[in-house]
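Just the one chain here, the form predicted alone, laid out as structure tokens.
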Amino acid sequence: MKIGFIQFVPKFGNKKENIAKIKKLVKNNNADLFVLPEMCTTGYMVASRKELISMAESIDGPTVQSLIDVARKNNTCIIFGLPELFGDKVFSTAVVVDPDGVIAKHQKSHLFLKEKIFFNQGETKPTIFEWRGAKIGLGVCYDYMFPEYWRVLGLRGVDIFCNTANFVFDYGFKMMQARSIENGVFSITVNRVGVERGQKFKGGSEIVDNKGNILAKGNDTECVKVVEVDPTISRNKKWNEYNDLFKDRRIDLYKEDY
């Protein structure tokens, strides 16, 4: 299975240009699965909730329909972030589209800094979808900090973690490497690049194997990286003859009951 990330500079508030760039980058590369940054269709550095709402769309809106068309024309699956308008709420949402339409979404569970002012806290539980024989789990940015979230996905048989992000610190990559190691799962963690309203995004997107080894790494410029993996390797949780990541857990000692 060919899995990849698209790391680029979204233009703030310009959905048309951002979709055109995504279309071009997907067309010029070949993968079964592409993961893009958080809020990549609109840009991220909103100044107010009012401004955020003005850019937000429902999942059945024109942005998602455009990217379904991109997935259809390239026979691929695309995970991307957008501000989702749902009634009077706005979520930072990772949307998954394939040639047939929307197959999954995850609303960011854990809000960071001023997101707590502008966004609503996500209401979706840890989200899994299946694509070409692989089980794939979704997260958005600061979700990386909470091992419980990813453990749920791991215990439910996920082969690949996908985190669509806008990192302003470097912690996220280290933590997603840890999430891969402690669950024995591949991961794709995607950051954006560029400067937006004074905030610099340094890229560094990664694809990591089920042992935490980096298979592909972006720098601080726009890039697309694709690697071929066997996601079913994630299903073997044995580290050696004696140790199994999940069977060795002592939940009799540390099950949360407080």
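What you are looking at is a predicted structure, and each value in this text was computed from that prediction instead of being measured. The numbering used is simple: start at 1 and walk along the sequence shown.
Just so it is clear, the following notes concern the form predicted in complex with a further copy of the same chain, a form of the same protein that is not shown.
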| property | result |
| --- | --- |
| Stretch from 72 to 80, 93 to 101, 159 to 167, 142 to 150 whose residues place a heavy atom within 4.5 Å of a further copy of the same chain in the model of the complex | 142 to 150 |
| In the model of the complex, Asn243 touching a further copy of the same chain (heavy atom, 4.5 Å) | yes |
| Heavy atom of Lys135 within 4.5 Å of a further copy of the same chain in the model of the complex | no |
| Any non-hydrogen atom of Lys24 within 4.5 angstroms of a further copy of the same chain in the model of the complex | no |
| Lys217: touches a further copy of the same chain in the model of the complex, heavy atom cutoff 4.5 angstroms | no |
| Partner contacts for 15 to 45, taking a further copy of the same chain in the model of the complex and a 4.5 Å heavy atom cut-off | none |
